[in-house]
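Only one chain is included here, represented as structure tokens and corresponding to the form predicted on its own.
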Amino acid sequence: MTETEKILARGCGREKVRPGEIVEVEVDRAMIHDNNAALVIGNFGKIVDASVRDPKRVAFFIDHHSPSTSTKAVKHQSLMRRFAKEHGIGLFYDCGQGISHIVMLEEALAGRGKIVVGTDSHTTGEGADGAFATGIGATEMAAVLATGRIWLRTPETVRVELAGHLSQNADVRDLMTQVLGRFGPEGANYCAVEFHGAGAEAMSREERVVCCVLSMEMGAKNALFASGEDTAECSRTERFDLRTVEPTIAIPSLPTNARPLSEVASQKIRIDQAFAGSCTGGLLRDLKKASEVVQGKKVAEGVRFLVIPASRKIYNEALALGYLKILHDAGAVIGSPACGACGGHDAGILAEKEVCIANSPRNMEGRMGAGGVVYLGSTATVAASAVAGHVTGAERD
């Protein structure tokens, strides 16, 4: 079996499962954030005589609207606090704690072999530590709260083989944009994406998060870094030589619209906003890289450079290391740990026809506001563009 199949077999108490089989598995961790919590709680209330089966396995996060900026958002958050208190849910991460996917990893709430479900499509990010992690809907989550279980169709597995190491001029984000470009938006629909090879084994946890989160953009059911013991057959295998990866960018309006950065940069596309943040771009590695690019420089006139750390822990580390001061002195706006501009809910909304370069996961139409135009690139690309005032790459050593 593949690693994903082994995890699901354990979850349903069987020796073996095969792709296409429907299995009912025990959930090790359920994650609910403020963007969908009201729907989950509403559906849970429709289940007769329901109680939360195992409150210790449930984690609540306020990260999408943090701190709240609307009456609707604060009502939903108050509902979450009351529900958690009523049902004894102690894992409650309030405003300013950070993005659910990142905090889940920091707090060891998702580990190798665990089954994790969350009310967010990018729950796939928790596969960085080897968990089977997937996003589900509000109705499904209500049932998970009541029963502690969920049924799933065992996915086929796509193997992504990574050889070599990235050059100094390339980033894991460049790699994943090329991966998404090869697969397309539906190339891994309802598949388990498993990363293998020497290149995968050498990646840091932060790099693995980026890979697992972005796998969702090609349709993945889940994504994980395999333990290295799996030799099972997969439905599709794609190989990438990390040594050949060059700076790459996703043009509007899909993360899979991969283009060489050099090609896009030659057009000198003017930007109104640059955003470094989210579960793929607010990690400590991102804040370090952004500070290196802008040190001694200033954000271009007319450009808003938003920098939002992914968690309170990352914020504090970046503060202690001086990254945030460098960014602040360059003219960046530092935000409270949260999802920020990624979802276009509260912070960083674009006006019609405004252009943003971001290191967040998505750039679909309306993602950061109706009529806004979003390009996606590495943190170095985002920071360099903020200084230049147009889409460009960082100076090479």
Partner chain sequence: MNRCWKLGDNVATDEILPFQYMVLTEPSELGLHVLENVKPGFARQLAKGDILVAGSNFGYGSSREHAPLALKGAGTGAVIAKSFARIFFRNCINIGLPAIVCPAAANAISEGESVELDLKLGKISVICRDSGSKSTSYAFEPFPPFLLEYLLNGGLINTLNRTSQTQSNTRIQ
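Computed from a predicted model, the values in this text were never measured in an experiment. Residue numbers count along the first chain shown, from 1.
This protein has a second form, the form predicted together with its partner chain, left out of what is shown; the following refers to that one.
Student: Specify the contacting stretch among 69 to 77, 315 to 323, 163 to 171, 85 to 93, defined as having any heavy atom within 4.5 Å of its partner chain in the predicted bound form.
Tutor: Flagged stretch: 69 to 77.
Student: Can you pick the one in V299, L284, A142, A265 that has a heavy atom within 4.5 Å of its partner chain in the predicted bound form?
Tutor: Among V299, L284, A142, A265, a heavy atom within 4.5 Å of its partner chain in the predicted bound form occurs only for A142.
Student: I need to confirm a contact call. Of A138, I251, A200, L306, which residue comes within 4.5 Å of its partner chain in the predicted bound form, counting heavy atoms only?
Tutor: Looking at the other structure, the residue within range turns out to be A138.
Student: I'd like to know if G335 sits close to its partner chain in the predicted bound form, meaning any non-hydrogen atom pair within 4.5 angstroms.
Tutor: Flag for G335 set to no.
Student: Do V58 and its partner chain come within 4.5 Å of each other in the predicted bound form, heavy atoms counted?
Tutor: Output for V58 is no: heavy atoms all beyond 4.5 Å of its partner chain.
Student: Using a 4.5 angstroms cut-off on non-hydrogen atoms, would Q295 count as touching its partner chain in the predicted bound form?
Tutor: Outside the cut-off, so no.
Student: Decide whether E365 counts as a contact residue for its partner chain in the predicted bound form under a heavy atom distance cut-off of 4.5 Å.
Tutor: Yes - in the predicted bound form, heavy atoms of E365 and its partner chain come within 4.5 Å of each other.
Student: With the distance limit set at 4.5 angstroms and only heavy atoms considered, check whether N35, I47 and G344 all reach its partner chain in the predicted bound form.
Tutor: Result yes, every residue of the spot touches its partner chain.
Student: For the stretch 100 to 136, I need every residue with any heavy atom inside 4.5 Å of its partner chain in the predicted bound form, listed N to C.
Tutor: Contacts from 100 to 136: T119, D120, S121, T134, G135, I136.
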